[in-house]
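Only one chain is given next, in structure tokens, and it is the form predicted on its own.
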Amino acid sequence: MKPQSRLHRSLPYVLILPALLCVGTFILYPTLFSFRLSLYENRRATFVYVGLENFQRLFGNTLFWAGLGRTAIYGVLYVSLVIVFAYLLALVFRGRMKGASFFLTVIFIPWMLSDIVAGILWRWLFLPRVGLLQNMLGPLLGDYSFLAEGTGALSVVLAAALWRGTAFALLLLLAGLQTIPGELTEAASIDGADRWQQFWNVTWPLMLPTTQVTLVFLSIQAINAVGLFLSITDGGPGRTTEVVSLQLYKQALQFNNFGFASAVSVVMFFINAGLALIYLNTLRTQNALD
């Protein structure tokens, strides 16, 4: 084989080598290290091998299961609301409305903020006696203090997540809508289909793969959400907003219980992997039917 031919064949691997090194260094190695660390417990500044003891403690911990339930409730509400609002906005901006660029820029400003910054802003808005939204909405609900009640605190976190996360879903859905030929909806309109029928019979089937990808990304975001919970409620009042990701953060960085925290991270890893496998299986089934 000629040297030039060998160089030509190896060039693609050389080009992707930096990306592979980054993935291995910042994703693969920490993941494998978390698996290993979950089998240890730190005692007196040393790590002692305990096998599956951390997982036994985890699955027998009622606080973990309660946090998992809160994570599921938050995830369902977050994904449902974001996908609905993002679809509505994507359909509006697809129609080439005036000032679309300006409004898109405004919508994407929250996405550029970090979770901590966004969370602090929303916490200030609902602080008792001084929060702008607290003073506007509280009297209408009988002097209701949002951050002092579990349901109210979760509603504030959900509103902040919706305010910040809609832009990401909008970007994916709007990109998918722009790939659909306008002739298809025009033909459906000529055949007498109204807007709902055009969406359900033309747009929705073609947008299903993009919607599935968006749902997976939003679900993973919901499961791993920690910044907003930490900066708005810190799991309070009590433990009413303490989701699994926040439990992981506290076990690792507040209590220095790295082995137990790694066990939590392993469980979250399998949940995220399960969501990805569901998406891949659904997409494979759909492609087979097509």
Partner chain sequence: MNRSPIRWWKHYWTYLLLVILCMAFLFPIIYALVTSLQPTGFGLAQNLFRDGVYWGHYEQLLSTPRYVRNLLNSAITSLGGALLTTTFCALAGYAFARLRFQGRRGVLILLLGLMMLPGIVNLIPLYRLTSELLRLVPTGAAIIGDLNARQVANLLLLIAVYSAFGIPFGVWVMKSFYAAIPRELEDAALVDGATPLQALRHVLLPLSLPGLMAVFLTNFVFNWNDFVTASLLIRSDELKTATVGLLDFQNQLTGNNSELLNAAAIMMMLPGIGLFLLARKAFFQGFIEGAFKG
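Just so it is clear, the structure is predicted and the values come from calculations on it, not from any experiment. Positions refer to the first chain, counted from 1. Rigid core here is just the name for the largest C-alpha set that superposes within 1.5 Å across the two forms.
One more form of this protein exists, namely the form predicted together with the partner chain; it is left out here, but the text below deals with it.
Among 68, 50, 58, 248, the residue placing a heavy atom within 4.5 Å of the partner chain in the predicted complex is 248. Proximity to the partner chain in the predicted complex, taken as heavy atoms within 4.5 Å, picks out 114-122 from the listed stretches 138-146, 114-122, 196-204, 74-82. Remark: residue 262 counts among the residues lining the partner chain in the predicted complex, judged by a heavy atom distance of 4.5 Å or less. In the predicted complex, the partner chain sits within 4.5 Å of a heavy atom belonging to residue 252. Residue contact with the partner chain in the predicted complex: residue 256 places a heavy atom within 4.5 Å of it.
In the predicted complex, the partner chain stays beyond 4.5 Å of every heavy atom belonging to residue 39. Residues 11, 12, 13, 15, 16, 18, 19, 20, 22, 23, 25, 26, 27, 28, 29, 30, 31 of 9-32 are found to place at least one heavy atom within 4.5 Å of the partner chain in the predicted complex. Superposition of the core reveals a Cα shift of less than 2 Å for residue 268 between this form and the one not shown.
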